[in-house]
Ligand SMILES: C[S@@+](CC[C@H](N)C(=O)[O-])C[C@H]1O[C@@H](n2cnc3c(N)ncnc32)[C@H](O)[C@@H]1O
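As structure tokens, one chain now follows by itself in the form predicted alone.
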Amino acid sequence: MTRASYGIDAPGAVRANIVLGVVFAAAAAAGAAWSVPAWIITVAAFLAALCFFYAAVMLWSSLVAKKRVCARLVTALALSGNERVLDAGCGRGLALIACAKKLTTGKAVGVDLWAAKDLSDNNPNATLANAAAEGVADHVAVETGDITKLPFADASFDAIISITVIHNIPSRDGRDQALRELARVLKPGGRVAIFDLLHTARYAQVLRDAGLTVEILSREILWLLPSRSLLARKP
């Protein structure tokens, strides 16, 4: 059986840093061969190291740290097995499938716009293939949709999870609307677990304004950016 593969976040940025690192490293090597001033070689070598370092940080954040965050958020949702769970911006299914593994009679539904610039080879077929590889295909469904206008009725889900998605919405109004949509489709008594970069203090305020209680689960640095995990409950 094919192993599940959950992709790399911002693959274009990873590739760009690797390419630039190679260019700067080649420039440093050429400078040494041609006896150019030492400071030029030093600068080129430093820039090469910086590019390779950031590419490594991005890969580690995508392939290691993000999985740890996902496990923490799924645990915080405390799923009993019969819930209907939404993964808002599911990508290739990391959080979606982690939730599905906790279900017995429930269903995990993923929604995404499938932007490959945000996640490598991001498409619904890849998500469904990962669900099959992990043995949870019967508990998973995916839909194409925008999280600022979710294609679901009010109070449709017992729990919601979203990991490194909302910050991709370019405007604050758009991010606020996405959070209000998550609150709208959540059932009373339901829980929302969110991990994201940069804007999480605002997320907490918007969710509180929507009537949810919010607690901060963790603070950390991923992709060299400040990030937080939030858990919100709807009364």
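Remember, predicted model here, so these are calculated numbers, not experimental data. All residue numbers refer to positions in the sequence shown, first residue = 1.
As for the form predicted in complex with the ligand, it is not shown, yet the points below apply to it.
Here is the short version: of V140, I147, A98, L79, the single residue with a heavy atom within 4.5 Å of the ligand in the predicted complex is I147. Only one of L94, V74, A131, A159 comes within 4.5 Å of the ligand in the predicted complex through a heavy atom, and that residue is L94.
Of the candidate stretches 131-139, 84-92, 151-159, 101-109, only 84-92 has residues whose heavy atoms lie within 4.5 Å of the ligand in the predicted complex. Highlighted residues D9, N122 and I169: every one comes within 4.5 Å of the ligand in the predicted complex, counting any heavy atom. Within this chain, K187 is remote from the site of the ligand in the predicted complex, having no heavy atom within 4.5 Å.
A residue is said to contact a partner when one of its heavy atoms sits within 4.5 Å of a partner heavy atom; H199 fails this definition for the ligand in the predicted complex, lying far away. Along 148-179, residues I163, T164, V165, N168, I169 each place a heavy atom within 4.5 Å of the ligand in the predicted complex.
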